[in-house]
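Before any questions on binding or motion, here is one chain by itself as structure tokens, the form predicted on its own.
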Amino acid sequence: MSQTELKEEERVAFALRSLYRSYGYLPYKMNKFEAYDLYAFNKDFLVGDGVITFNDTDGKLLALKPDVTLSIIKNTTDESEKKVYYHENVYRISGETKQFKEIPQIGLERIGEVDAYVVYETITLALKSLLAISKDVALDISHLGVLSAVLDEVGAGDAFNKKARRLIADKNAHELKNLCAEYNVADDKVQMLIAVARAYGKPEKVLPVLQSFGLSKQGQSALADLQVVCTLLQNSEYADKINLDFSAQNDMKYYNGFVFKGFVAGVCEGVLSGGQYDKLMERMGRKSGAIGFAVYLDLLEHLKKNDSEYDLDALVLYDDKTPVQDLIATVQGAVERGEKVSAQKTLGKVRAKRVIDLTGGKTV
């Protein structure tokens, strides 16, 4: 079967598996279910609250996996460097139907030291993954170390930080100002937070704003890491596809450093999400760093289809008067020319570039 005959989801998965293998990532296969305790202990890490559970024959509570990353960490117990990719289904509550749904996703995880090159390669593979879906894509990048340093500079406490992060994620500058007033935040700190909430665009536009904040030593270190990776990306062929955007966030209990979200034209939500999750590794008793991302293949069904697309190259109409040998020869000829063809007695609802009418004993 050629790639042109595959469904969009299958075509993308085929291309991405080949891409990840070319960068040294090995396939990883896992069970459909894990012990429920794994997800209960890390429920904040999951996308959504619902987990499908059932009792094993020995009474142990199991769960259909709602996440792949947790399973990979749990089942790769040694500390050697690992580069794996997966193509798995997870089971979550759909944001549209509010019912459980089997969601196909493909992604990769890199476990080990996360340096500037590893971040650059991972983000590059994220961009290549998006471009396998569409030519019109964007990847939004942020750094939780920088965001954490800004919030520490404000110094209004954990409750404030949690609310402020949510408002920055929503780009809600108005409510962010109201929150600052509630906590008596100084005017200069308010302006800094508003600047972060509104920060969006190419690195050369956003980085000078961040550098003007006068952050702590730790914040300056995070900003320097962001600068290095941005410079590498700006010198690549993907410079026009990336933006800095601090609305791209993940839970700081699990993630640190770089986080990113990917978008394609025609889909109203991110089809790719990833980041650096050293804190999750530590929480699970691991000493390694880690970074990875997932592509949500189910969202590809939302891609707008071109109305001019055809289901078939040729539709062969026949009836009881059509000589069977003529029908066979016509269909076989189309197949040998590399066309998609179907022989039918009625037009039905398929869209064909041309119709070959062999009814009533007609010949081509």
Partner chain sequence: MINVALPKGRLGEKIYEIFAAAGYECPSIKENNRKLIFENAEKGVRYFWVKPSDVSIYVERGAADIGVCGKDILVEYAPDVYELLDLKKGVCRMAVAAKKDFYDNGERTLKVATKFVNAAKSFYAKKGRAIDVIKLNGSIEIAPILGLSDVIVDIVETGTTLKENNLEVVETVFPISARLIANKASFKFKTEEIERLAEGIRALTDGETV
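For clarity, every value in this text was computed on a predicted model and none was experimentally measured. Numbering follows the first chain given and starts at 1.
Omitted from view is the form predicted in complex with the partner chain, to which the following refers.
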- Decide yes or no: are Arg21, Glu81 and Glu109 jointly within 4.5 Å of the partner chain in the model of the complex, with each residue judged by its heavy atoms? no
- Using a 4.5 Å cut on heavy atoms, which of Val150, Val229, Leu280, Val137 is close to the partner chain in the model of the complex? Val137
- Message: Going by heavy atom distances of 4.5 angstroms or less, which of Cys268, Ala159, Ala186, Ala116 would be at the interface with the partner chain in the model of the complex?
- Response: Cys268
- For the chain seen here without its partner, which of 151-159, 272-280, 71-79, 169-177 has a heavy atom within 4.5 Å of the partner chain in the model of the complex? 169-177
- Query: Given that the partner is absent here, does Glu88 sit within 4.5 Å of the partner chain in the model of the complex, heavy atoms only?
  - Reply: no
- Query: So in the model of the complex, does Ser288 come within 4.5 Å of the partner chain, heavy atom to heavy atom?
  - Reply: no
- Message: So in the model of the complex, is the partner chain close enough to Arg198 to count as touching (4.5 Å, heavy atoms)?
- Response: yes
- Using a 4.5 Å heavy atom cut-off, state whether Ser247 contacts the partner chain in the model of the complex. yes
